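Shown here is one chain on its own, the form predicted alone, set out as structure tokens.
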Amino acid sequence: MIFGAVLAGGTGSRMKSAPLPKQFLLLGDKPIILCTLTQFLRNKRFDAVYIAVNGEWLNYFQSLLTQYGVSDPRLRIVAGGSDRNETLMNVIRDIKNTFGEREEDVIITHDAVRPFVSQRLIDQNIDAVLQQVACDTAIPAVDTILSSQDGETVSSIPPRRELFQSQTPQSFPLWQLWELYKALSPQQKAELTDACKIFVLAGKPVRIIQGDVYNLKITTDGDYQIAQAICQSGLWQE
């Protein structure tokens, strides 16, 4: 089976001016979280589409689904966890309990605050992960990246040709992801920044899917302003 997972378990603490978690802010005439979810629900290849929401905002999210008329029999809602990876594990636990385990199961995960995800990106992730290989969506770094151990002086300047900016979707053979995550130490789990590192730590290959500059993650007030401009200008077209 092919599962989609839109992850919205955070509270958006880095957007200081927001009156509520950033995923619930309006983008054009619809909340960001529903813009993103709609893109996943449009793809008919998914057998089920999960959305994981911070537990304190579950009722509010349910009210948004009703208000905007979003309904799909494939949609399942779960509460988020203590961090991004635990939120993803909550999704997998529900899959295990509801659908059981099949060796060929795959999962396509995505940040709720990347509303401009295209059907191309979703489909290319599905095509790649069906070959039972993990994959990460990424774009080449266009700026020189500095490494600093103390935050004040430059420690090294890696070759730009080797550097990419990771986006989402990130997609995985489902039960391989589950087993590899369970095998990590508490310290390794605490240091994870995204799920692809679970495979990297285990020495497993992760394929790169060519990303899109419009596949913006809305994290700060500046990102939100850019997203509104993209939405209003029609620069991004599905």
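All residue numbers are counted from 1 along the displayed sequence. Being a predicted model, the structure only gives us computed values, none of them experimental.
A second form of this protein, the form predicted together with another copy of the chain, is not displayed here; the remarks below concern that form.
Contact check for residue 75: every heavy atom lies farther than 4.5 Å from another copy of the chain in the predicted bound form. When another copy of the chain is considered in the predicted bound form, residue 202 lies well away from it, no heavy atom lying within 4.5 Å.
For the chain shown alone, residue 196 is a contact residue for another copy of the chain in the predicted bound form, at least one non-hydrogen atom being within 4.5 angstroms. When contacts are judged by a 4.5 Å heavy atom cut-off, residue 155 counts as touching another copy of the chain in the predicted bound form.
Heavy atoms within 4.5 Å of another copy of the chain in the predicted bound form are found in exactly one of 65 to 73, 177 to 185, 29 to 37, 203 to 211, that being 203 to 211. Every residue in the set 147, 225 and 233 has a non-hydrogen atom no more than 4.5 Å from another copy of the chain in the predicted bound form. The partner is absent here; in the predicted bound form, the one residue of 119, 165, 132, 98 having a heavy atom within 4.5 Å of another copy of the chain is 165.
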